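As a starting point, one isolated chain is supplied in structure tokens, in the form predicted on its own.
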């Protein structure tokens, strides 16, 4: 590994090409670009297997200047702060329920954003530190440098100050993930709006917030195979609890008023009429763009999907260039989920170290959306099952149930729903399982193992439930959609 000023760039590259490549010796067995879930898992596993490993991680501040430490999206601006803030919201609901259960509560309960944010941010910082310690313990070299590829064995690292470091490696793994997009065609969107890169690091409450979730007609969201029916239940629940949804609308512009408020103008796609309202914050949730532009992939001939900008990979995470691999959100056709990136990264490390030939299985990956009413699913949606097996080839069992904890609290449970999609013939193999309700992630995680083992509807019926739980209702489901009977569960 050599450090050099900008002027000696060509000399350094030339030197590395001649001395390293011809002798077959490299600085490292593996260099990973990207210190997120996939990159860290791959690097640590490779080091455990005796490989000499370096990780490059560099966070470009968001458009609003938000920056964070080692660990990637999940740790800093994704799963971890999201789940903690979701828990804060659940506790707010629990406070309301508590009165019905006999707890003497003050009439007005106030939430302090700053207290929550500081606690969440402190936890995230502890995780940043933990990752650095783990890399050190496992003898992985951590470099806070922005990495790009010069060839299939050479990585160029650039520090914040512009200082360059050249590293050579037998293999290179790209795990740079993605960053939130701004709808740049909308005037004022980038100037006045924020994204998920910023929301978790705000020092004060965003207040009344306009959230725009636009997906272009050609884009496909691979995070989960969402059923429109399930999505409808979640939004119905949120509407009942005060979230205002403006359907069939497209934002047109964002203006900052003299009062400091943000005025959003949008148009109704059916009537063409324009509407406007004022907000404290505007949050764009319009998808993520892969971090491929600054990696130097064009010169190497690494194949990208022209529509998505993601890297085309094989079942073994290999790109179109030998010795260059890509994993996690940067890879085309992969679910954008932390656990899949971690598992794929570990398996890749084993293959690169010559310890295994096992490939990642991306089928039946369970996931949960931490909306106020949680939604968890594993396997196929009803629509996808129908496409693959035909309407007559599937059987859908379903039930509307009432969580016991909702009864005394007198909470509406009309959106708590279970759907089990099975093959209609033979053993009635389970193709997909969908659940809205409390602790959806915990429920679906348990059932997902069954799908990995090829569970059937008869297996489900043979399973004894834990009474009285929400998950129990899954093993009791017996009414089919085809029958047209009322699927509402009665009694206990």
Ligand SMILES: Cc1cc2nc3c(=O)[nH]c(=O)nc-3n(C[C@H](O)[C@H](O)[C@H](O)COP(=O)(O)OP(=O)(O)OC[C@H]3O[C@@H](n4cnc5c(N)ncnc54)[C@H](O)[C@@H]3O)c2cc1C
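This structure is a prediction, so every number in the text was calculated from the model and none was measured. Residue numbers count along the first chain shown, from 1.
We do not show the form predicted in complex with this ligand, though everything after this point is about it.
**Student:** Just one of 416, 313, 295, 194 has a heavy atom within 4.5 angstroms of this ligand in the model of the complex, so which one?
**Tutor:** Of the listed residues, the single hit is 295.
**Student:** Using a 4.5 Å heavy atom cut-off, which residue among 79, 360, 202, 246 comes into contact with this ligand in the model of the complex?
**Tutor:** In short, 79.
**Student:** Using a 4.5 Å heavy atom cut-off, which of 390-398, 69-77, 107-115, 416-424 contacts this ligand in the model of the complex?
**Tutor:** Going through the listed ranges, the match is 69-77.
**Student:** Residue 338 versus this ligand, in the model of the complex: is there a non-hydrogen atom within 4.5 Å?
**Tutor:** Yes, residue 338 is a contact residue.
**Student:** Does residue 47 reach this ligand in the model of the complex if we count a contact as any heavy atom within 4.5 Å?
**Tutor:** No, residue 47 stays farther than 4.5 Å from this ligand in the model of the complex.
**Student:** Considering non-hydrogen atoms and a 4.5 Å limit, does this ligand approach residue 140 in the model of the complex?
**Tutor:** Residue 140 lies outside the contact set for this ligand.
**Student:** Using the partner position in the model of the complex, report whether residue 146 sits within 4.5 Å of this ligand, counting heavy atoms only.
**Tutor:** Residue 146 belongs to the contact set for this ligand.
**Student:** Hey, which residues along 52-66 are within 4.5 angstroms of this ligand in the model of the complex, non-hydrogen atoms only?
**Tutor:** Result: 56, 57, 58, 59.
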